[in-house]
Ligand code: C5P
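We begin with a single chain expressed as structure tokens, specifically the form predicted on its own.
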């Protein structure tokens, strides 16, 4: 599978056990190049989860959605960035000052540890929410605060790209499958066709009877979407 596809695919390791997360990541790493470490896994393993995913040759998306007063967010972003994570996020609901602090902390932490600064993303509206009225304001805050991109649904990719921002898209499901707790869902092919820079896929792959087959299918759909077929 080409790196253009693999580098776009993010596996959501939403489990509370590092050994289980490592096993899943190892199995699907031929198709997925990025591992998402969220609250559940981080609560169990802490920064060791970042190190373990890096040891597998995967980039790391630190998905902790930082949201607090600017000083606290800046310090937290600095601490996470010192572990060499490639992507991290903060919630745009925290406001522009907080997002500026997030970007500053991320850059400072990476510089202190000798890493390339992580891609900084602002979470706009969760794909589990149907009310997107806050999207435009949060998108603008992401742009003016210096974030590199946003977390958004597939339907919002164009607006983010028009603002010069990269897009990471959760809520990815295969056609005809249960959307579960997601409201605004896209298929891998449709998200790729719309221009998603990264696609986050969790249970559709990790919960499949055959994760390797599901991962291969997701990669094939993304490749199809990128070619415009």
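Since we're looking at a predicted model, the values are computed, not measured. Positions refer to the first chain, counted from 1.
Here the subject shifts to the form predicted together with the ligand, a form of this protein not shown in this document.
Peer 1: Just one of 27-35, 190-198, 42-50, 166-174 has residues with a heavy atom within 4.5 Å of the ligand in the model of the complex, so point it out.
Peer 2: Flagged stretch: 166-174.
Peer 1: So, in the model of the complex, is residue 90 in contact with the ligand at a 4.5 angstroms heavy atom limit?
Peer 2: No.
Peer 1: Examine residue 125 and determine whether its closest non-hydrogen atom to the ligand in the model of the complex is within 4.5 angstroms.
Peer 2: Yes - in the model of the complex, heavy atoms of residue 125 and the ligand come within 4.5 Å of each other.
Peer 1: Answer yes if any heavy atom of residue 151 is within 4.5 Å of a heavy atom of the ligand in the model of the complex; otherwise answer no.
Peer 2: Residue 151 belongs to the contact set for the ligand.
Peer 1: Just to confirm, residue 203 within 4.5 Å of the ligand in the model of the complex by heavy atoms?
Peer 2: Residue 203: contacts the ligand in the model of the complex.
Peer 1: Give me the residue from 215, 21, 9, 12 that has a heavy atom within 4.5 Å of the ligand in the model of the complex.
Peer 2: If I apply the 4.5 Å criterion carefully, the residue I get is 12.
Peer 1: Just to make sure I understand: among 61-84, which residues lie within 4.5 Å of the ligand in the model of the complex, judging by heavy atoms?
Peer 2: Residues within 4.5 Å: 63, 65.
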